[in-house]
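As a starting point, one isolated chain is supplied in C-alpha cells, in the form predicted alone.
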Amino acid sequence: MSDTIPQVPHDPEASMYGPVTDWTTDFDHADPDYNRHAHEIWADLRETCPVAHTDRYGGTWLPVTHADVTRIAYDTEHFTSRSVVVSTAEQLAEAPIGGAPPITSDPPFHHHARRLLLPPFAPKQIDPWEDDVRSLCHELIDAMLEGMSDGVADDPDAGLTIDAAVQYAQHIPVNVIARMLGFPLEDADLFRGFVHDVLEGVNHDPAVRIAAFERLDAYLDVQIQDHVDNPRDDLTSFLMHSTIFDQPLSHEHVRGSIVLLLIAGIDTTWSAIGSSIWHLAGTPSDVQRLHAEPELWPTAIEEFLRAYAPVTMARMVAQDHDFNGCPMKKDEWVLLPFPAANLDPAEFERADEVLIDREVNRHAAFGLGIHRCLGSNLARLELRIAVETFVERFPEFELADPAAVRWSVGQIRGPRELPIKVLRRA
C-alpha cells in the first residue's frame, strides 16, 4: 500500500519518528500520508491486516473493522480511557477524573461526570444558536468577498479562489465555543494554536509537548480566575458552580472539562465542515442535486458524517489482554478509528460510496460506547448550517488545485488548507 501512495516530505525536526515503512507494522497517525490517504490505507488493512501494530509511541494497535472497533469501544474492563490521544508524552491525570473529564474518565465516575454536561448540550439549549451560527457564516463569506479585488467583486460570474478551511470552517466552532465558555473572541488564534499543539503535535519531543500543555493550563487558569472576579452566565460559570457527589467540582475537574470542550469542540467540527465542502467541490452532481432537492439535506449531512467522520479516539490497554490473537500489553495504546468503522462493507452497503440520499445510516461518527460525543447536537447544527450556507452563497465551486489541499495529522482528520475556486455566486 505505501508503495502506491506519493510521500509527503517528512519534517525530521518536528517529529521523533521517521517516515512510515509499512502501514501494517510501522504505521503512524502523525505521518502526513496517513490522513491524506486514510480511506485507501484502511481499505487495504481491512483486507490484509485488520488489526495493525506499530512500536511507535510505546506500542500502538489499530483495528479497522466495525466489529473490532465496536468491541473495544464498549469494553471498559480491558481498555481504559485515562488517556485518549496517542502521543510521545502521556497526559495521565489522577484517576478517576482524568485530564479531560468525562472523556478521560472510566466507570463508575464517568457516568456522573458525563451527566453534569448533558443539560447545556441538550437540543433545547443548542437549537437557539441556529440564527447566530447562520449569521456568522454569512459574515465570514461576506468578508472573503470583500477581500477580493474590485474587478472580481463587481462580476458575480468571475472566478475567485478562497480557502474554505482557513477563511471559513476554522472560524465557526472557534467563535461558538468561545462564546459558550465566555472566553475572549480575540483569542481565536490562541485556541487554534492549542488545538494544533494538543491534537497535531503528538509526535514532538515529550518536553515540547508537556510545555504546550502547561501553556494551555496556564491560559485556562487565567480565564477561570477572571470568572471568579467577574461572574457571568456561561458554560465556564456553569462548571464552576456544579457539584458532584454533593461537592463542588475541583479546579482540575473544571479546567479539564474546559480542555475537552475547547479542544474537541473546535477541531472535530471544523474538520467535518471542511471535509464536507471538499467532497462537494469534487462532486458537482451532489451540489446540483442539493439545489434541486433541498429535502435531501438531512440525509446528506449524515452521509458526510459517515464518510468523512473526523474523530479517531484512543484507549490504553488496562491489563495484558489477548484480543483476537493480538497480544496487547498493559499501557499500550489502541486507536479507535470510527471513520474506518463507517467505511466497513460488512456494516454498510456500498460503504465506499457517498450517497446523499442514504436513509439507513447508523454511523459511528460521534463514537461508540459510553463516550459517545455529548456535543453531537451542537456539531450537527454547526455542520448543517455551515455547509448549507456555503452552497447557498456559492452554487458552483470546485477544488482550485487538488494537490494543494493539506490534511491534518493526528487523530482528527480534516483539511487544514482547502483552496476552492468559486465558479458562480448567488
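For clarity, every value in this text was computed on a predicted model and none was experimentally measured. Residue numbers here begin at 1 and follow the sequence given.
If you look for the form predicted together with protoporphyrin IX containing FE (HEM), you will not find it shown, but the lines that follow are about it.
Stretch 373-381 is the answer when you ask which of 57-65, 393-401, 353-361, 373-381 has residues with heavy atoms within 4.5 Å of protoporphyrin IX containing FE (HEM) in the predicted bound form.
For the candidate set Val86, Ile277, Ala264, Ala307, a heavy atom within 4.5 Å of protoporphyrin IX containing FE (HEM) in the predicted bound form is found for exactly one residue, namely Ala264. The three residues Val69, Ala341 and Trp407 each lack any heavy atom within 4.5 Å of protoporphyrin IX containing FE (HEM) in the predicted bound form. Contact check for Arg114: a heavy atom falls within 4.5 Å of protoporphyrin IX containing FE (HEM) in the predicted bound form.
Protoporphyrin IX containing FE (HEM) in the predicted bound form comes within 4.5 Å of no heavy atom belonging to Trp42.
Not displayed here, protoporphyrin IX containing FE (HEM) is kept clear of Phe194 by more than 4.5 Å at the level of heavy atoms in the predicted bound form. Protoporphyrin IX containing FE (HEM) in the predicted bound form comes within 4.5 Å of no heavy atom belonging to Phe79. In the predicted bound form, Leu305, Pro310, Val311, Met313, Arg315 are the residues of 299-318 with at least one heavy atom within 4.5 Å of protoporphyrin IX containing FE (HEM), listed from first to last.
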